[in-house]
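Below you will find one chain, with nothing else, as C-alpha cells; this is the form predicted alone, and questions on how it binds or moves follow later.
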Amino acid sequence: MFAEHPSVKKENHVPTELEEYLFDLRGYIHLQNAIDQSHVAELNVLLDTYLDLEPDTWRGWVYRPSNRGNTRHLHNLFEIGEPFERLIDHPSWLAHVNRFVGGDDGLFIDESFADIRVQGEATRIHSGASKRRIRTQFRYHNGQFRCGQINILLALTNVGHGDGPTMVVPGSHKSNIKHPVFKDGANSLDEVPAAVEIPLQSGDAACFVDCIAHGSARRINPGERRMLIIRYGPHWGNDRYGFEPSPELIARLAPERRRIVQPLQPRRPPNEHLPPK
C-alpha cells in the first residue's frame, strides 16, 4: 500500500557520548525528528482506519482492550501495515536500543501499541528502580549497559505542555527508595515533585529505561494525543500479554525485522496441524 519514503536514511544513528552520558544520568533521552513527516502521515492514515474498533475486539491480529476512561489502546502495531513494520528496526533508534539493552545476542519487542487519548486523560506514575525487577532493570557494568526494557515513545501529534506529555522523574532508574508519592495515590505526574515533562513534536521519540518512574501529565487542551509505544528487551523475553505475530507478518518481514519480532522460531511437531483422530 505504501512504499518506503526515498528520504529515509538506512544507516543507524549511533548514540553519541553525550546521549550515553545523559541516558546513564537521567534514564532517558529525546530523539528529535526520529521519523519524517511523510512517515508520520502514513501512520496516522492507517491508524484512523482502526479507530472504530470496539473495546475488547479484534480486527485481524490487531486488538483493542477495554481501557478505563476515554483512552484507546491498539495492540500488535506491526499487523496494521508496512509503515508500522518500518518502525521495528528504525535507524533513528535501533543502535540506541541495542546499546542500552546490550543487544549483542539480539533484541525482542515484547509490546507494541498505540495510545490515543483526549482531554482529561492521564497516566498515573508507575515503575521505579526500588522494585528491582529484572524485566525492567537498569544496569551498567564493565562499560556495557544491560537494561531489561527500553521504551520508544513515538509522537504522531505535537505533545507539549497541556497536551498530556510523558513525564519522568530523572534519575529514579537508580533510586533505592520509592518515591513518597506512591503512598499518596497521585493520579498523574502533574502532582509529583521532581517529575519533568518530555515535550515531543510530531515525529520525535522519547527513549527511556522502563524502571524510571514515569507516566503522563493530564491532558487539559482539546484535541487528541497520539503516541506509539514500542518496548525492546533481550532476545530471550516474551510478550507481556501473550500476543503473537501472525504467520503472514512473519512471512513478509525481512530477516532482520523477523529476528526482532520473533527471535526464536517456534518448535512444533511436524503433525501439529493434523486434527485429532
Ligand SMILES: O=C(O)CCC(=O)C(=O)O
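Quick note: we count residues from 1 along the sequence shown, nothing fancier. Note that the structure is predicted; figures quoted are calculated from it, not measured.
The discussion below concerns the form predicted together with this ligand, not included here.
Of the candidate stretches 31 to 39, 208 to 216, 242 to 250, 49 to 57, only 208 to 216 has residues with heavy atoms within 4.5 Å of this ligand in the predicted bound form. Not displayed here, this ligand is kept clear of residue 74 by more than 4.5 Å at the level of heavy atoms in the predicted bound form. Not displayed here, this ligand is approached by residue 229 to within 4.5 Å at the level of heavy atoms in the predicted bound form.
Taking the partner from the other structure, this ligand in the predicted bound form has no heavy atom within 4.5 Å of any heavy atom of residue 139. Residue 175 falls outside the set of residues with a heavy atom inside 4.5 Å of this ligand in the predicted bound form. Among the residues 119, 158, 123, 130, the one placing a heavy atom within 4.5 Å of this ligand in the predicted bound form is 123. For the candidate set 101, 109, 153, 114, a heavy atom within 4.5 Å of this ligand in the predicted bound form is found for exactly one residue, namely 153.
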